[in-house]
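Starting off, we have a lone chain in the form predicted alone, written out as structure tokens.
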């Protein structure tokens, strides 16, 4: 795309046209399959799933808390630039914020498809229950999304104004609209944006930690009938795993978008810094999980001990050892141990993807095992594995997120146009 100024070039999107075509074809195929699965979900109701009265929460709830964690983690990574002003982190703050918005939208789609009556999704806003943790959580999500959108706006507003001034036609009108008509690019206007960017970030930190993902952990922790969930460590573990998955996601997106969209070289110092953060979060996540297990076994509470036995040695052991331990801890740690590997983009991409995939197993190991075992003697033993409709709708919803992110990356100035938005 040509511009009317030589001050900067703006040509977002794939560098390779064939890669763009293949990517959109891949997403289209996922959307078609997901759309068919969604049609079955709507027409057949919950009969299309393997959910029962014994195991009412399954894959959709696991993916819901997974994407809420991705969102909260990506947002907290962005605050390292916008609030704490860590050196070199400003190059990824827009990517982190945009990924956080998309992840939150995907999470809410999973909540929607899990509802028995999908048409009643607006009920929590009409009939509020002040004593319900879930009611508070829904309202926190709305406030959190508003914070994310506000931050992303102030982060890129100056570049939107530049684009609106230098581009003609539809693109110019679009960027003027996205800038909300604020086309002033003076130093005073930039300083105003930075002040409000930091204020929104400061406001969002406690919201993300205590209400959004910590609050999602509370939804499980307050379930006294399920001792495996009824733990004070659960909200903390949710937050740490969110930071782990969010950091990995931002690292992968930064490398792929920089190389495939911008055609630029990756900042290896920044990559090394993100990799070191990933090491710290992996160690803390593994330590907290071990502590949680030790507390459960030391308590000698039958339900807790038996649930952990299911996770470690029973029907969920493949998920724990291969995916949770292998993919989210061991394999990435091996790749992160060597400094030269931490500075290599094509080594860090599989390391980050491994974590992103492995944390899915963490969410399944939270949701499913506690429901398999009966909470009272005489009640039936449960079993659960997602049906094809559950997998299909899940893949389709993830495809919606991939499509939204790709369209945004091909349209928005997620990479600062002239040295960064914090200069």
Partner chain sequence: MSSTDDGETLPGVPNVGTDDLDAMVDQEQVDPRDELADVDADTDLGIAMAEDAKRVSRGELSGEDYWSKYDEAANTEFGEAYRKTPNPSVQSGDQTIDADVAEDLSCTVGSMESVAVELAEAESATDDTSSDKTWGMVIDLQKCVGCDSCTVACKAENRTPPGVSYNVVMEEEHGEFPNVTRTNVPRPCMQCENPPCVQVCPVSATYKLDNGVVNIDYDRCIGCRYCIIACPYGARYFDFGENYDDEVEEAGEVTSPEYGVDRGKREDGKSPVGNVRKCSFCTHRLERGEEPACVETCVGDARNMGDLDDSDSEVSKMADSSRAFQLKESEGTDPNVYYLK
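As the structure is a prediction and not an experimental result, all values here were calculated from the model. Residue numbers count along the first chain shown, from 1.
Same protein, other form: the form predicted in complex with its partner chain, not shown, and the subject of what follows.
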Residue 132, heavy atom within 4.5 angstroms of its partner chain in the model of the complex:
yes
I'd like to check something about residue 170: if you look in the model of the complex, is any of its heavy atoms closer than or equal to 4.5 Å to a heavy atom of its partner chain?
no
Although the partner isn't part of this model, could you tell me whether residue 88 comes within 4.5 Å of its partner chain in the model of the complex, counting any heavy atom of the residue?
no
Residue-level contact is defined here as any heavy atom of the residue lying within 4.5 Å of its partner chain in the model of the complex; does residue 327 satisfy this criterion?
no
Tell me, which of 120, 268, 199, 339 has a heavy atom within 4.5 angstroms of its partner chain in the model of the complex?
120
The one option of 289, 223, 319, 190 with any heavy atom within 4.5 Å of its partner chain in the model of the complex is 223
Options 65-73, 353-361, 25-33, 52-60; stretch whose heavy atom lies within 4.5 Å of its partner chain in the model of the complex
52-60
Can you name the residues of 349-380 that have a non-hydrogen atom within 4.5 angstroms of its partner chain in the model of the complex?
371, 375, 376, 377, 378, 379
